[in-house]
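In the structure tokens that follow, the same protein chain appears in two forms, which are kept apart as structure 1 and structure 2.
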Structure 1
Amino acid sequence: MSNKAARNLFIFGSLFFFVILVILTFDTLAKLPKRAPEITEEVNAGKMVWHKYDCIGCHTILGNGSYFAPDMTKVTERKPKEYLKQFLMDPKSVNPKASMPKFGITSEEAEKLIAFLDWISKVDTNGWPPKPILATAAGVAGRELTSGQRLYQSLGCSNCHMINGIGGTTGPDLTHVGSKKDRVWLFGHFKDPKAYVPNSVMPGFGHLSEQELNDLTDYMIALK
């Protein structure tokens, strides 16, 4: 191959692939609106707040960004809005061990952010983030669960709490909670956490039946 032929191959070959990229780009942009909910004023305002505080400098979103803090793609599915709002405004008031700084986010800004994060959680991401396969497998093969344990799983307590190293870190570790709290406290706290811990962001479970609350309490007491 002569140098001239090699050069022409380089130039025209590259242009060819660039044209394909442009075509795919048009096609993708046309398909995007159907793959996500409509963008409201509030969602866009939330995105602006996201940029203002440079959240991407610590977090990933849709898996891109920095790897210093948890991914934000599905956070509104894991955590209730009340909790998120208070965390954003003052992380340490929710979790004394939090290392996310307090930026001075106002209550309106926090609401906009949550609307934005809620929008993100509904984007069709081709199934990302994937469900942890080993955890699912362990659940199937696991022993018979008590009804308290089953409630613990279905109510999403482990999004916030950890037992024996498994679960979230934003609420207190429950591995030994049975030796710290008594039955009355636990039962009452489930019904109305704020009555026991002022400013608690744990959601109340007063809508559960007496039986279910007793089962949960039994499970907690067993954790010594």
Structure 2
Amino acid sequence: MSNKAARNLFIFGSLFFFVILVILTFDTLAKLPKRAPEITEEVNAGKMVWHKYDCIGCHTILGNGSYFAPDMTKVTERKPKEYLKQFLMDPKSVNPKASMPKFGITSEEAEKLIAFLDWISKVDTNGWPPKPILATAAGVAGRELTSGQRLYQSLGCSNCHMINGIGGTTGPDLTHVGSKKDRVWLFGHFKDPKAYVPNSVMPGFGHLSEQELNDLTDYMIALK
């Protein structure tokens, strides 16, 4: 190849890829506003609470922060808001083993912080981080899940509860719950947790159909 041809290849090749870069940049900038919901006054106030208590000193959001405590990017998808509010105000009242100290966060501040975290959770992160595969937790890897097991997964129960060593630790371990509780207790607890455990932060599932509640109860009874 002659020097002239090599020079032309370099110049036109560089121009071609520069144009591609410009097109991709404009395309990305056009899509960015659609990847996050509108910022409201409540969300902004929640962000101020996040900074006031230096939450980023222990937690991460969208990859930024410290790795001492759990990532908070999708926390409102994993935990009920009632649980989060009580935990923020008094962590050890919800989980005695919690490392997070009691900062004196007020009820109003907790609600604003949850609004901010809820906004963060709705930011489109292209599916990252991936959700865990929980078939093993159901104890039926390689077999079709029952209706109750599918409900357990779809309702996000594993975010708080553990079965066979897989799941969250903020709620009781359910590995052998069928040996500890009877059908009537489990069914009623699903509908109205506070009627059975007054200080419970578990949300009620009274909106489920009678059949769905029975399916979920069947699954719990089978865990022995």
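Residue numbering: structure 1 sequence, from 1. Basically, rigid core = biggest C-alpha set you can superpose within 1.5 Å across the two forms. All values reported here derive from a predicted model rather than from experimental measurement.
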Which one here is the form predicted alone?
-> 2
Any CA movement of 2 Å or more for Leu186 between structures 1 and 2, core superposed?
-> yes
Establish whether a shift of 2 Å or more occurs at the C-alpha of His51 between structures 1 and 2, with the two forms superposed on the rigid core.
-> no
Post core alignment: Leu216 C-alpha displaced by 2 Å or more between structures 1 and 2 | yes
Having superposed the rigid core, state how many Å the Cα of Val19 shifts between structures 1 and 2.
-> 16.0
Hey, core superposed, how many Å does His176 shift at the CA between structures 1 and 2?
-> 2.8
